[in-house]
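Have a look below at one chain only, the form predicted on its own, in structure tokens format.
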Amino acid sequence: MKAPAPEHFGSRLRSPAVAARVGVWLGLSFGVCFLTGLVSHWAQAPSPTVPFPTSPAWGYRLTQGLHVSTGMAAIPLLLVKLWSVYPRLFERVDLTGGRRLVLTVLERGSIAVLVASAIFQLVTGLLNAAQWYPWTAFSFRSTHYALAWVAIGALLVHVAVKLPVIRDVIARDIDETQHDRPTAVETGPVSRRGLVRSALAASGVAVLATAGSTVPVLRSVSPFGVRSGDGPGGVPINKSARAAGVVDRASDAAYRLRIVVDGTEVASLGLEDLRALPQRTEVLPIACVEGWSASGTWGGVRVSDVLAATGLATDRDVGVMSLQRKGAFRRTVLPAHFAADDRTLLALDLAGEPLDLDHGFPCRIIAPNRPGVLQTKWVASLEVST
């Protein structure tokens, strides 16, 4: 059997005209996904050089929803793009040297890196949205972030090398054949324009099928949304108290919130003590890295009031320790400007009822414009360094 060669692929649909047009939409999806991914990484950084803003309260909900939606949109676009350029994989490379060799190496190298990193990003992102982590050898967050830079760098190199061809084929009618392979003469079941429209339609369906996790009005038409919106108080649950291993400690009537300064406990507050402080109500969203979000009406005491009640200043970062005994986010850092924000609560209630155990009873952090993984549940202590 002979090895595949470009002439073995005769469909007119496998053309630069299709690849360029689908590639433009794919590039836009990758660009938005990359930028919103940077926002998510910034939001989760414990001590960023530029503080992450507390407003608008729905900011992270919007950017992370866009991040996941554009990632989903990219999947069918990438498949069609790869299908359309697949014959080029078998073209012979001219190794005679000179400028052409350099361009060929740059083109092939950037394509290899781009395809590998794009597939890795989309597959691991999809698994993260489903909260399934079959890997153990690397951290999703740090690896996903690093490979995003690799993918976008390879994309920029690829676009720079192919820009003359891209500009020319897009300026021409989609059915013109100037840049086609000589053997690409077979008609397909659809036209080139039909294929591009179908790719865009499939991309739209992929977004619609999952966007209900972020946009409540779409939940009835989003069968693959990772969260339906169901849950106590109308807010879904990512991790239950049982899964976190905190049922006994969180339910203990002797629970006390520890206030720790420089490693020394200076005060402790029971649930009755917390309810005796001035109570506030805020409508704030929970927005998670998996792309789902939901708004809730939270009641409780301001974190700044808790600190002030124990004689502490509110201009310090606050370490928040969960009753969980393991997990990457059992301890988080609430930056000083978040701790001082009047909307940041040590929440005791949701939708007018005491917190459900799975929502963080006896108390949890809820702050504006903050990733859900940092909205610590089952708070055990607030820790301040002077």
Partner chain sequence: MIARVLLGTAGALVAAYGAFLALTRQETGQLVEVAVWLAAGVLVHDVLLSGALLLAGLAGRRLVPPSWRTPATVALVVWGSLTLVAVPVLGRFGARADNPTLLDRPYAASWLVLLVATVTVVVLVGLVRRRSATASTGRRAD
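Residue numbers count along the first chain shown, from 1. Everything numeric here is computed off the predicted structure, so don't read it as measured data.
Below, we refer to the form predicted in complex with the partner chain, which is not included among the displayed structures.
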Review point. Does the partner chain get within 4.5 angstroms of any non-hydrogen atom of residue 80 in the predicted complex?
Key: yes
Point to revise | the partner chain contact in the predicted complex: residue 25, any heavy atom under 4.5 Å | key: no
Check your understanding: Are any of the heavy atoms in residue 293 no more than 4.5 Å from a heavy atom of the partner chain in the predicted complex?
Key -> no
Review point. Is residue 131 one of the residues lying within 4.5 Å of the partner chain in the predicted complex, judged by heavy atom distances?
Key: yes
**Study point:** Contact residue in the predicted complex, chosen from 127, 170, 215, 313 - any heavy atom within 4.5 Å of the partner chain
**Key:** 127
Check your understanding: Which one of 266, 185, 146, 103 is close to the partner chain in the predicted complex, taking close to mean a heavy atom within 4.5 Å?
Key -> 146
**Study point:** Stretch from 266 to 274, 252 to 260, 159 to 167, 297 to 305 whose residues place a heavy atom within 4.5 Å of the partner chain in the predicted complex
**Key:** 159 to 167
Check your understanding: Taking the partner chain in the predicted complex, which residues along 333 to 352 bring a heavy atom to within 4.5 Å of it?
Key -> none
